[in-house]
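Next comes just one chain, in structure tokens: the form predicted on its own.
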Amino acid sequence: MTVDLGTIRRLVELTVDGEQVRVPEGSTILDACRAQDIETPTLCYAPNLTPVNACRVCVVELEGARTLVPSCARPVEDGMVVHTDSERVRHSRKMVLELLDSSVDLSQSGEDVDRWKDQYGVDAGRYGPPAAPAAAGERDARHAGHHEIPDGSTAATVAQPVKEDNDLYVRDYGRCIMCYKCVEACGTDAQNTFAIAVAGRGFDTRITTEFAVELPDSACVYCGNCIGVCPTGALKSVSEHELREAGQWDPDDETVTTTICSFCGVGCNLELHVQHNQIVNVTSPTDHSVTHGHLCIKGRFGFQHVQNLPEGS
């Protein structure tokens, strides 16, 4: 009998924080860190997306390298010596988190971000009070190269009204950190729809649709894969948004049940997020061999019929 062992990769040996680590060739420094249970902050990284090195919070110090390197994308090499908690690394991570926290609403980014802010002594208030939010559509209309000089009295902000132009999800770009994960999920990494992309330059860079049209007029097919990868709550389902706005969002009551989607025969795994006996969101495991964390419109949003029960049921 022949046994398929798959692709056999040689092991690469490197040093991480003084410890010898051996990981398969093709692994990243982040993989090596996680093999040693070394927590490394990540915001733009996802296991089911191509690394884009956008957020820079995962940087580490590599001996012999001129600059800090993004651990999520740098492949390991024999003999590497990596430092994940040097003063240089800590200072860089603190600055990145401070700049993000001063300009973006990170309040829905999760407990990990709150812990990292404490861990690195983040003080976004030292940049001053936030500037006034942009009016609806103001940031979308900005042209590259036409930047206003700040007066220095306030911290620049991406705050703006929430975009609510469809029945399935909202775009709250006041929470967007420009991690590019939604762009990758909408592009070649998953959906190949290319309904969303990046426009502008510098601080005016933003996520947008083609020609900044409303979502229903774009190429969007409402798969919601952009929601599935968003780390900050900039993209979320209408159901979650409405519950949060009403003060009824209760993650402490949330349970997650894995099932199989019944809409077709592909066999996608669904994770049903339930609060107070109501499905509030649907996701899929990133390590599932069928979905790799991505779903279609039916899998992600087609759950309301389950809850259309007679009053009193």
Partner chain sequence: MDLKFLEAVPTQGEQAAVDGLVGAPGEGDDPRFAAGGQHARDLRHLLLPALHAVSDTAGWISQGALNYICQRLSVPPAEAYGVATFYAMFSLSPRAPRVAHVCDDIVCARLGGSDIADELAATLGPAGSGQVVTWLRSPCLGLCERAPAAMVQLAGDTDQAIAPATADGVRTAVAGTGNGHVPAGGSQPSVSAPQTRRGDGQRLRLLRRIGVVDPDSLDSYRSVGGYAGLRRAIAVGPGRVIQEVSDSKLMGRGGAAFPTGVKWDAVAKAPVRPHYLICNADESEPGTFKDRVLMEDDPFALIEAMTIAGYATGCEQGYLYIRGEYPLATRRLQAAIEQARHRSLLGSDVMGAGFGFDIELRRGAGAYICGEETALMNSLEGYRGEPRNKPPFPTVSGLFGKPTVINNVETLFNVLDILTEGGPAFAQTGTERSTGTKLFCLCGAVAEPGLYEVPFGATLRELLELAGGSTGSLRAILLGGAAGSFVDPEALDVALTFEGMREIGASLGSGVIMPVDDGTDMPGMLRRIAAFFRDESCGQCVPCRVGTVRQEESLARLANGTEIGSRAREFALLDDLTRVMRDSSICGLGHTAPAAVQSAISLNLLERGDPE
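Numbering follows the first chain given and starts at 1. In this text, all values refer to a predicted model and were calculated from it rather than measured experimentally.
If you look for the form predicted together with its partner chain, you will not find it shown, but the lines that follow are about it.
Proximity to its partner chain in the predicted complex, defined as a heavy atom within 4.5 Å, holds among Lys117, Arg175, Lys236, Arg74 only for Arg74. Proximity to its partner chain in the predicted complex, defined as a heavy atom within 4.5 Å, holds among Leu168, Val162, Val213, Ala134 only for Val213.
Although the partner is absent here, Arg142 is a contact residue: one of its heavy atoms lies within 4.5 angstroms of its partner chain in the predicted complex. Although the partner is absent here, Asp112 is not a contact residue: none of its heavy atoms lies within 4.5 angstroms of its partner chain in the predicted complex. Of the heavy atoms in Val81, none are within 4.5 Å of its partner chain in the predicted complex.
Interface residue remark: Gln36 is not counted as part of the site for its partner chain in the predicted complex, having no heavy atom within 4.5 Å. Of the candidate stretches 244 to 252, 282 to 290, 23 to 31, 46 to 54, only 46 to 54 has residues whose heavy atoms lie within 4.5 Å of its partner chain in the predicted complex. Residues are counted as partner-facing when one of their heavy atoms sits within 4.5 Å of its partner chain in the predicted complex; in 194 to 209 these are Phe194, Ala195, Ile196, Ala197, Val198, Ala199, Gly200, Arg201, Gly202, Phe203, Asp204, Thr205, Arg206, Thr208, Thr209, in sequence order.
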